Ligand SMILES: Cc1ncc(C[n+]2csc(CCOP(=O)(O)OP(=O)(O)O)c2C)c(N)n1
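In structure tokens, the next block holds one chain alone, the form predicted on its own.
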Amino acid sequence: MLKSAAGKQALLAFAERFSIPVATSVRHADLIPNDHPLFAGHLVYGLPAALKESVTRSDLILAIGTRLGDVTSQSFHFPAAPQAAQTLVHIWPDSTVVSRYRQTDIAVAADPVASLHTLNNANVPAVPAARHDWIRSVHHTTVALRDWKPMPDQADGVVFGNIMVQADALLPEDAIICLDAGNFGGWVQRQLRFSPTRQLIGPSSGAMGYGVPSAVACSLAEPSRPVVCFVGDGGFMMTGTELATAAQYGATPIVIISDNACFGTIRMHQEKHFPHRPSATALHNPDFAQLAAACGAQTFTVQHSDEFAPALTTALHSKKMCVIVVRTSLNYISPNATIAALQQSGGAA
């Protein structure tokens, strides 16, 4: 639907015609250019408080082409269930989905793209000055979240934010980004700029193991475009051997592994609720570079932040299947938290 070229064009035309900012649902940040003044952020897991406060100042929500599931709606708080604080219009093709979890002012069971085309033919009301001020504020908050000052490499590895700044600068605008599930993905979704041409492919369900197979499939489907997969060590251990399939059929994805020797998301929740009591989340990983080389990949190992840009540049120019293994800091578990801070706050609680 909206992921199609026609859907993205219709959405951008609607937003520009009516001066309405667009906040994208989880894993759909590529629906609108992220540098566009009307981009209002990506409604992901752990939405930063500043962005959440900014978007919830809206007085009208047009939910077009989204089910408004738990992640996109921030655990059913935006729009709130069972009654949204804002006027809510929900457009989705299945009548059993609209108004399922919350009262809807206008529920429309219709094709989202066709609905946008219809709306684009409507008269445009005057835009109040206050809305322009709010739009600038929301977009400023969104852009500010991408600001990142490189951090020194830690004793336990590279802070993944350092890697993502370099990746954003180096990846071409027609790259396809395949994203596995895990805490490392928070860095990807916050710091990479997406657009209708720099696409984001990821599971809205949050299931691990998606990244490598999707990258292989995308590379086979779009052999002329660079395909880059971001995956954690846990997700790679589930389906990373699909690199053998890539080699067999000539796919050439670039796979970037965040290796912190841990199931990071689970460890984060353990430290949050039961600090200093981790259980069954530490990983004894194989040598991923050797494993990937055995499957036919060109490999790189990144121990320090300044080693990443040369590795990615070489991989992009090689036109071969490549794997870049980044030794990542476990302490810097996500863009919003460190293990040390979680242990301290959990212990105090």
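Numbering starts at 1 and runs along the sequence shown. Values in this document were obtained by computation on a predicted structure and should not be read as measured data.
There is another form of the same protein, the form predicted in complex with this ligand; it is not shown, and what comes next is about it.
This chain appears without its partner; in the model of the complex, the one residue of N183, S73, S219, N162 with a heavy atom within 4.5 Å of this ligand is N183. Contact with this ligand in the model of the complex, judged by any heavy atom within 4.5 Å, is made by just one of M238, L200, V89, I135: M238. Proximity of D233 to this ligand in the model of the complex: non-hydrogen atoms within 4.5 Å are present. Taking the partner from elsewhere, G264 is found to have a heavy atom lying within 4.5 Å of this ligand in the model of the complex. Although the partner is absent here, V108 is not a contact residue: none of its heavy atoms lies within 4.5 angstroms of this ligand in the model of the complex. In the model of the complex, at least one heavy atom of G206 sits within 4.5 Å of this ligand.
Considering this ligand in the model of the complex, the lone stretch of 92-100, 254-262, 221-229, 171-179 in range is 254-262 [heavy atom distance within 4.5 Å].
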